[in-house]
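Here's a solo chain for you in C-alpha cells, the form predicted on its own.
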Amino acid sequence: MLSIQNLHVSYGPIKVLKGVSLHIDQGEIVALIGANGAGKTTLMSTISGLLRPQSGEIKFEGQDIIKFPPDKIVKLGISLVPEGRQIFAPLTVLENLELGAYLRSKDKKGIKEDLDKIFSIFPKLKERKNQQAGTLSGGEQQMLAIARAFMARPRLLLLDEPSLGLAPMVLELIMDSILELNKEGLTILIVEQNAIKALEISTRGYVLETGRIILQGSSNELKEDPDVIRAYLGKDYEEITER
C-alpha cells in the first residue's frame, strides 16, 4: 500500500532523514519506534505532504505522491493524527468530527454512517458530542483526534505518538481502539516512544535512529532483540522476559 525508498529530508542544513526505506502492506499495523529526535515525526509529516523531501520516493497504492499537497493526499486516502492531538479546542466534539469530513461534505449519508461507527468505537465522544473539545480530558482529546482523522475515510492512518501524556488505563483504551479501527479495514502506521505498546499491537516494526532505519522485522522478533530491549523497551521488560 505504501512504499518509501531512499527518502532524504532536511531542515535547512540539518539532515533529518538519511535514506529511509520502508513499506506497509494493506491491512497491517506497522510500528515505527525510536528515541526523541530520530526523525519519526518528520517522516510522518513528509508522507502527509507537510514537508518536501530533498530526494527519494513515496508511492501510495502505486502512485507517486511525493509532490502532492496535503489536501490531495487526504483525498487519496491518507490521514494523519498529529503529535499533540491539535484538536480545535473552541469547537464542539461534533464540529471537530464534521471538519474531519470536510473534503467529503456532500456525502451526508456516508458521514452519518461514519459518525455512528465512531460513536460505537468511542462511546465517550457520543456522550460529549455537544461539549467544547478543549474541555475534554487528555484521553478523550486523543480519541477525538483519531476519530476526526477517521472521518476523512482514509485507507491508511498515520498515528504520531498517540500515547503521549496518557495515564496507563487510558492508554489501554486508545490501543484497543486502534486495534478496532484496524479490524474495520484501516491500515495503520503508528509512531511511538512507548515501544512496548507499539510492538504489542503491530505485526511488523522498524527502528529509526538518527534518521536511518537500523532494524526491521516482525514485532515479535523486535521484542526479543537484545539491542531493542536495551535501548527502547527498558530494564523492566528485560527482567519480565527473563522470568
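This is a predicted model, so every value here is computed, not measured. So that there is no doubt, residue numbering starts at 1 and follows the sequence shown.
Below, we refer to the form predicted in complex with a small molecule, which is not included among the displayed structures.
- The single contact residue among 66, 35, 196, 179, judged by any heavy atom lying within 4.5 Å of the small molecule in the predicted complex, is 35.
- Interface membership of residue 40, defined by any non-hydrogen atom within 4.5 Å of the small molecule in the predicted complex, is confirmed.
- Contact check for residue 114: every heavy atom lies farther than 4.5 Å from the small molecule in the predicted complex.
- The small molecule in the predicted complex comes within 4.5 Å of no heavy atom belonging to residue 24.
- Looking at residue 83, you'd find a heavy atom of it within 4.5 angstroms of the small molecule in the predicted complex.
- Figure note: of the listed segments 212-220, 41-49, 171-179, 58-66, the one touching the small molecule in the predicted complex, with heavy atoms no more than 4.5 Å away, is 41-49.
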